[in-house]
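Single chain ahead, by itself, as C-alpha cells, in the form predicted alone.
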Amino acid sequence: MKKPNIVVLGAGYGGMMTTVKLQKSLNASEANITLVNKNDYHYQTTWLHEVSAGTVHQDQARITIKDVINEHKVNFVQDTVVEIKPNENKVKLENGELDYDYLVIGLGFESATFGIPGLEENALMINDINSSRLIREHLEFNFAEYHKDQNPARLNIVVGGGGFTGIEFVGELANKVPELCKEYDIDKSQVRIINVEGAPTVLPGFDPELVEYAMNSLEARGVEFITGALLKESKPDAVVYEKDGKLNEIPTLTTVWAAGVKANTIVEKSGFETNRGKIQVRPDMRAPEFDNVFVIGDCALIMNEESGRPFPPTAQIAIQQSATVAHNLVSLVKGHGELEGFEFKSLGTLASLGHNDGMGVVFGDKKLFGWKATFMKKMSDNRYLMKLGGIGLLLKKGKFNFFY
C-alpha cells in the first residue's frame, strides 16, 4: 500500500506545531511528511516588535527548523511556494514541484496597506525577521545621522496602528529610546514616539480599564497618541493624517506601519473559495471544497459565533488549531474514522508594554497589570518553546529575566 504524502506549507506557529505533532504520532512507514518553508528557521512572530526595537536580538527570536524536526520522519524543503494546484494535488515551488495526498496550508500573513498612497514605498513593516531587523538598523542609522544635519524628522518615529502590534512596538521603543539617546548623545526630549490610530481609542475591543492603563504607562514614558486619525499618505519625509476633517502632517523619516494584515495572497490566487482573502474552513479545519486540504493560522477564517466576527489570527489560536489538524491527519492516515471539530479555548490575552510592564486578561476575566502581566506573558512564551522543542529548546531560547 502506497504511503500518503503529507505536505505542510509554512513553518509559522500552525505549520511548525502541526509538523512536530505529526512526527510524534506517525511512523516513517505510515506517511511521508514534508515541511516547506522559505527560510531554514521558524521565528516567534510575537517577538518581532522586540526585534524591531532592538530590545531582543533576532537570533533569540528564531529557531533552526532542523533543531526541532526529526529528519528521519520529516523531509524539510527550503523553498518558496509559488502556487497551489488543489485540483491536481500539486504545489509549485520556485525550484520544483511537490505532489501531495494531504496538504496543510500555513503560509502566514502579509501587511495590508488598504491602498494608502506611499505606504509600500516609504513605510517599514513588522512582517518577519528581516523586515524587523531593518527597522532596528534604520532607527540606529537616523540617530547616528542626526548629528550631521540636525534634521528633527530623524527623531520623529511614527507608528501607524494602535492595535496589538503597534502598542507592543511603541512599548519597546519607550524602553529602547533612552538607550539610543545615551549611545548617540541625543537629548531624549528631542525624540518623539507618535502612535496614530483610526479608532477613537487604541487597542479597540480591549477592556477600557486595560486600555487606560496601557495609555497612561506609555504616555508617562513619552509616547504620544493621536486617535480618531486616518493615515492618508506616507511620504519619504512625512506622514499625512486626517483628524476632525482636517489634514495634518508630521515630518518623519521613520514610519512603521502596524495597522493590518491579510492572508498570504497565494491562497486567493490559487483558486480557493475565500472570504476576506482567507479560506473559511469547515469545523474540522478543512477547506470547503477539498477534503484533503487543511488550512491553519492566518490563512484560515473561523467565525466566533458569540460575536459574529472572525477570531483574530493569533499565535494562540494557530497553536490550538495545530492539535486538531494533526489529530485529523493521523485519523485519515490510520483510517480511524470521524474527524474532530476545532473549538477555540481562549487562555487569555496579554500585551507587553516594554520589558517590565504589561497588561491583559487571563483565566476568563482576571485582569493583570504591570510585572504580573509581564511574568505571565513570558511564561506563555516559554510554554510554547517547551511544547515545540522540549527542555533543550526552552533553556536555549527561553525568557527567564522575569523581574528586571
Ligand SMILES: Cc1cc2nc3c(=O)[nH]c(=O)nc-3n(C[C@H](O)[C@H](O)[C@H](O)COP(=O)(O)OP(=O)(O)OC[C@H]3O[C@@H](n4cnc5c(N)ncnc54)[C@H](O)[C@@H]3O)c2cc1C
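We number the residues from 1 along the sequence you see. All figures in this text were calculated on a predicted structure; none of them were measured in a lab.
The next section is about a form of this same protein that is not shown, the form predicted together with the named molecule.
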(request) With heavy atoms only and a cut-off of 4.5 Å, decide whether residue 58 touches the named molecule in the model of the complex. (result) no
(request) Answer yes if any heavy atom of residue 342 is within 4.5 Å of a heavy atom of the named molecule in the model of the complex; otherwise answer no. (result) no
(request) Please run the contact check for residue 315 against the named molecule in the model of the complex: heavy atoms, 4.5 angstroms, yes or no? (result) yes
(message) in the model of the complex, does residue 264 come within 4.5 Å of the named molecule, counting heavy atoms only?
(response) yes
(message) To test your reading of this chain, name the stretch in 269-277, 233-241, 219-227, 104-112 whose heavy atoms come within 4.5 Å of the named molecule in the model of the complex.
(response) 104-112
(message) Please identify the residue among 164, 143, 311, 213 with any heavy atom within 4.5 Å of the named molecule in the model of the complex.
(response) 164
(message) Can you list, in sequence order, the residues from 349-377 that come within 4.5 Å of the named molecule in the model of the complex, counting heavy atoms only?
(response) 350, 377
